[in-house]
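Encoded as structure tokens, the following chain is the form predicted alone, with no partner shown.
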């Protein structure tokens, strides 16, 4: 086996690469999906009634349940294929978000969750939100 000699620049290079890796991993783990401040203030214009919730449930079952799961626990059949676990829709963090924040996230999406702007009307997106709120109770 060859003798391995550490050159003077190798420890410095190793240290610099380690710092970059730690910073990158820390940023990746702590990055939070936040809606813009303006979105946080948007109120839900759709009455959260039995009709809205029923319509939202239909959409949730067809479009969201495969990842978020039947009860919104992030345990749908496709959830295991995702790189990061999904936050449960009944978590304290989700409950603390305004309707405007969640509507913005549903509308914009974030990989792997697709944007719903092109596939759902504004009313339908609010209806999905109305249904999701029932999962948080």
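Numbering follows the first chain given and starts at 1. These figures come from a predicted structure and were not determined experimentally.
FYI, the form predicted together with a small molecule isn't displayed, but the following is about it.
Engineer: If you check 82, 54, 42, 73 against the small molecule in the model of the complex, which one has a heavy atom within 4.5 Å?
Structural biologist: Checked against the cut-off, the match is 82.
Engineer: So in the model of the complex, is the small molecule close enough to residue 97 to count as touching (4.5 Å, heavy atoms)?
Structural biologist: Contact check for residue 97: yes, within 4.5 Å of the small molecule in the model of the complex.
Engineer: Does the 4.5 Å heavy atom contact test between residue 135 and the small molecule in the model of the complex come out positive?
Structural biologist: Heavy-atom contact with the small molecule at 4.5 Å: absent for residue 135.
Engineer: Could you tell me if residue 87 has a non-hydrogen atom within 4.5 Å of the small molecule in the model of the complex?
Structural biologist: Contact with the small molecule, yes.
Engineer: Hey, in the model of the complex, is residue 102 touching the small molecule, heavy atoms inside 4.5 Å?
Structural biologist: Result yes; residue 102 sits at the interface with the small molecule in the model of the complex.
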